[in-house]
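Below: one protein chain in two forms, given as structure tokens, structure 1 then structure 2.
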Structure 1
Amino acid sequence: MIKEGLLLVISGPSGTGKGTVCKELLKIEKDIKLSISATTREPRNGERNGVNYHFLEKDVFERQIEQGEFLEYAKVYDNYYGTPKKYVIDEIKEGNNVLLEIDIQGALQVKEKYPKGIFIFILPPSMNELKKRIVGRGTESEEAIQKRFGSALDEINYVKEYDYFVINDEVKEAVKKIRALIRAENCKVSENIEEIISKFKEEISC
């Protein structure tokens, strides 16, 4: 029997750099598969369909909701975002580790359906630093900055729903921590008990 892969779920307020952390993690851990989400938002410059997201029309997305094709979905900033269920289930069953980079609403839905997942919350080093990062993007109005900053504060309260927190002070260090969490998860007795027992039984019977 193939051992199921791990489901890693990473969230965090905007401005924490979770996207960069995930990208760096995927560069190093080549065997982790990224789940490409579906969304109804417009592609940004340089984004490609099927690579960054599956870009869908609203009616198509809503049909897929009705057909139960999403493991989770949520409305984030007026657009739908969702995780295609089949891809994730198939990969995990094949023994591959899968990464979801999704918002908190989505992560909570996944936790209900798949509590075995590893839920990781990325935090900024400080609120000051978070504000600097949001302002530093230079793409947002003062009002939008205040809104994002306010919702970041609310979102941080959800850290209690997650298994692990990782402070993204330095991307390299944050990635190191996540890799350590994966190693630890692979050594969990509860998830490996059958494999351990059968390995040693086989050796004795040889």
Structure 2
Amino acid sequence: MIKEGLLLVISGPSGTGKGTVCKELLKIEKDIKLSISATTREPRNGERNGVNYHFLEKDVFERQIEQGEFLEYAKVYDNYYGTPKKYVIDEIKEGNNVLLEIDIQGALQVKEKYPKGIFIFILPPSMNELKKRIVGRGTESEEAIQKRFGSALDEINYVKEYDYFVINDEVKEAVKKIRALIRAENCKVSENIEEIISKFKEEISC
């Protein structure tokens, strides 16, 4: 019997560096599969179907919503974004760990449908550092920066909905902590009880 893999759900406020942390984690942990989102928006230059996103027509996406084929989805402006359920569940049943890097609202939807997931919240070392990171991008107006910073304050309140938090001061250290969490989850008695008991029963009977 194949032991099921883990569903790792990583999210946090904008500017915490969760994308960078996830990329580094995937480089080191080769057995973790990244879940690719579906969207109805048009591909941008260089984007490939099935690599960056699964690009779907709007009517197809809406039909899949009705059929319950998404772990989570949202409509942003005129486009849908969502996490296809079949890929995630199939990979987990095959014993593979799957990573979702999604926003907080999406993570809460996933938690409702798959509460066995491991929900990890990425935090900045401080609010001052978070603001420096947002400003450091140099891509937004002062008004947009203030709005994003205010949203981050609100989003941090959702940390109570998660299983773990990881402070991203140094990317390598943050990744190290997440890897330790994965190892700990793999050693949970509640997730391994049948395997443990059957192993020792077999040894006694031999």
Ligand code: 5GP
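Residue numbering: structure 1 sequence, from 1. C-alpha atoms forming the largest set that superposes within 1.5 Å between two forms make up the rigid core. Here the structure is a predicted model, which is why all the values come from computation and not from measurement.
- The form predicted in complex with ligand 5GP appears here as structure 1; structure 2 is the other form of the chain.
- Superposition of the core reveals a Cα shift of 2 Å or more for residue 44 between the two structures.
- For residue 128, the Cα coordinates differ by under 2 angstroms between the two structures after the core has been superposed.
- The angle of turn of the smaller rigid part against the larger, between the two structures and from C-alpha superpositions, comes to 18 degrees.
- Superposing the rigid core and comparing between the two structures gives a CA shift of 3.2 Å at residue 80.
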